[in-house]
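Shown below, as structure tokens, is a lone chain in the form predicted on its own; questions about how it binds or moves come after it.
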């Protein structure tokens, strides 16, 4: 006698309820999967590079982290949030160029793009974004520029470049590095704390301005050559022989010099 499958022997109502439970269970498993799988996608690519390659990156929103390493290559990793932006890096002669604004022109809003980029130690780094944090560490090329046109923190750690420029509107700026003879260093914020940590033996001319707070703390770098102007809104003077130039502006925040 032919055996009838057990499932077909069950009443239609029971089979319906079981099927419904299976659908609900599958939906629960799907919903419990990490949301990042559906909210983000990844970009990962490496490019051969000379030790003094130039990185030029323009982002819209998101965090950008650049780190120096010993390899002669640039590795770009990015996580993209919906709606996904287009990323089309260009490997030019001696330069890696990424322009998220240009690559997505006319698309309206796109999601955050969070970059982690490794570059050779001697690279030149030129990065900017509209909103988001910019972090650069372990770079000793000729030039480091980190600009935020709206809101975000700038952190420059273990930097040994002869030219440094860091700007934002709202957010903190932190610089930890070497002031090189003949170098130029510029830091500007509208609101936030600007902290500069450098060796005590540094030699530079200083122009520091904090018009709203008059909060300029020179710490160990205070000396008899420093002059207070405008009822303390500005400090002018030099440290050591004055071989480099350091300019700091903070409209509504503090300026602090720290010994490295």
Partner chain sequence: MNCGNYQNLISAYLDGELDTGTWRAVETHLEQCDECTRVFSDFSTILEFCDETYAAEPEPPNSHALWCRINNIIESELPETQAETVASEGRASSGFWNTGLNLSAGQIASAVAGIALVSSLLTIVAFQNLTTPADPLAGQDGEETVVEKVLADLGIGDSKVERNERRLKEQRAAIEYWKNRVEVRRASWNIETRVVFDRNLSEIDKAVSEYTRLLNENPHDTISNEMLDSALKEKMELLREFSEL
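Numbering follows the first chain given and starts at 1. Because the structure is a prediction, the values reported are computed rather than measured.
Omitted here: the form predicted together with the partner chain. The next part is about that form.
Residues placing heavy atoms within 4.5 Å of the partner chain in the predicted complex fall in a single listed stretch, namely 106-114, out of 106-114, 133-141, 69-77, 173-181. Screening 48, 230, 199, 219 for any heavy atom within 4.5 Å of the partner chain in the predicted complex leaves a single hit, 230.
The partner is absent here, but in the predicted complex a heavy atom of 191, alone among 203, 191, 65, 195, sits within 4.5 Å of the partner chain. Although the partner is absent here, residue 101 is a contact residue: one of its heavy atoms lies within 4.5 angstroms of the partner chain in the predicted complex. Contact annotation: residue 158 falls outside 4.5 Å of the partner chain in the predicted complex, judged by heavy atom distances.
Although the partner is absent here, residue 128 is a contact residue: one of its heavy atoms lies within 4.5 angstroms of the partner chain in the predicted complex. Taking the partner from the other structure, the partner chain in the predicted complex has no heavy atom within 4.5 Å of any heavy atom of residue 215.
Annotation for 153-186: interface residues with the partner chain in the predicted complex are 163, 164, 165, 167, 169, 170, 184, 186 [heavy atom within 4.5 Å].
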